[in-house]
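Just the one chain here, laid out as structure tokens, in the form predicted on its own.
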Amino acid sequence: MYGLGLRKIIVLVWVFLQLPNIISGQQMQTVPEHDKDQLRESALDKDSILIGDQVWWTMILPQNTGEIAGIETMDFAEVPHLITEGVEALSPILLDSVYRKKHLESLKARILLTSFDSGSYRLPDMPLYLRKPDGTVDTLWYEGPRLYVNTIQVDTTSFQAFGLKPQMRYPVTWEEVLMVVALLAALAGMIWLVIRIVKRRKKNLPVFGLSRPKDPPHVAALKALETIRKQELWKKQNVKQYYTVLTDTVRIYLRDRWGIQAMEQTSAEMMGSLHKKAASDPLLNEGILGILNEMLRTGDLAKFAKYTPSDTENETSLNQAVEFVTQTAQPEEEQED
């Protein structure tokens, strides 16, 4: 354990000692002594800028020098963000090829620079690596120019501080007013449409247009019974379906005529509800209730007890339903009320 701890300490000490070399490796390289006499010129778009302004640093390699003949690849050194103390690079090195009459005339490299500290700065020398097909690499050096960064001088003798200006307000135009009115009208129309749809759906009415007047309960029931008579389902060996449609028609009539929830009740429960209504409705006498009860009993036997009624019984059940609806139809005076 002590040996392992000692190794960690030695590694940390070595990293600490090598840290200056690691940091210096991220900085721009310096020109070797034997290349200082062969530095090529580079230029700035302008030799002086104000604090925060930007300037292009340009390096050009003419084709007619013959130095790039037979060169396979050309690469500049990677430019750090902080080129030198006080000068920052805003872009990587951008390479442009200048052609004239379809022939390469020169290569141009550009770097966008800026500075936020006033002063005079000597830009570092920039290397260009020329790699030949045989693997050898030649290095061309461009001399870094000098950049002057100026600041705006403030005349303190005549300087006068002013307060913050209030926010500028523009007058309201007719176009803005009309746009607001149109948006409010569209919103009100959407709200009205939603409310209308909800109300009409609750009443089972169409959203637009006039609703078709609904037939009275006895008229709707008699129409449905006449359709059942024409179908003659009992003659097509569909006795169970015949009594299902027949009893459902009567149940719908009871629901619309007296408000009885007949679709959810059994035949016995439905007859019990009708007997309660008979106390206030003289049309529901014992005779007519007996006719309905006989029809429902035959229907229950056919639907649930596998009973097969005769053709006479089937026609009788239909006639009983028609008679019940006819005898208990709501008077016209009550319909008008």
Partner chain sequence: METVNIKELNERIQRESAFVDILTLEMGKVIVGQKQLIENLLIGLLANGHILLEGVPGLAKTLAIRTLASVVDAKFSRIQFTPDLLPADLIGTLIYSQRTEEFQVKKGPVFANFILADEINRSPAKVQSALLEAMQERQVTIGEHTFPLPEPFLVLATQNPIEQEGTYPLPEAQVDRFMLKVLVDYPAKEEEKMIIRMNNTGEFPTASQVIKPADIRKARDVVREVYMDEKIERYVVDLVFATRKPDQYNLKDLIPLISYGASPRASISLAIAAKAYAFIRRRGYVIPEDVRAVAYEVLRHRIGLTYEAEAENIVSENIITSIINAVEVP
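Every value quoted in this text rests on a predicted model; they were computed, and no experiment measured them. Numbering follows the first chain given and starts at 1.
Missing here is the form predicted in complex with the partner chain; even so, the following discussion is about that form.
Shown here without its partner, the chain carries 40, 54 and 90, none of which come within 4.5 Å of the partner chain in the model of the complex through any heavy atom. Shown alone, this chain has one stretch from 116 to 124, 236 to 244, 186 to 194, 80 to 88 that lies within 4.5 Å of the partner chain in the model of the complex by heavy atoms: 236 to 244. Comment: the partner chain is not present in this chain, but in the model of the complex one of 139, 265, 150, 227 has a heavy atom within 4.5 Å of it, namely 265. Taking the partner from elsewhere, residue 251 is found to have a heavy atom lying within 4.5 Å of the partner chain in the model of the complex. Taking non-hydrogen atoms only, residue 281 never approaches the partner chain to within 4.5 angstroms in the model of the complex.
For the chain shown alone, residue 294 is not a contact residue for the partner chain in the model of the complex, no non-hydrogen atom being within 4.5 angstroms.
When contacts are judged by a 4.5 Å heavy atom cut-off, residue 60 does not count as touching the partner chain in the model of the complex. Interface residues of 291 to 327, taken as those with a heavy atom within 4.5 Å of the partner chain in the model of the complex (partner not displayed): 301, 303, 304, 305, 306, in sequence order.
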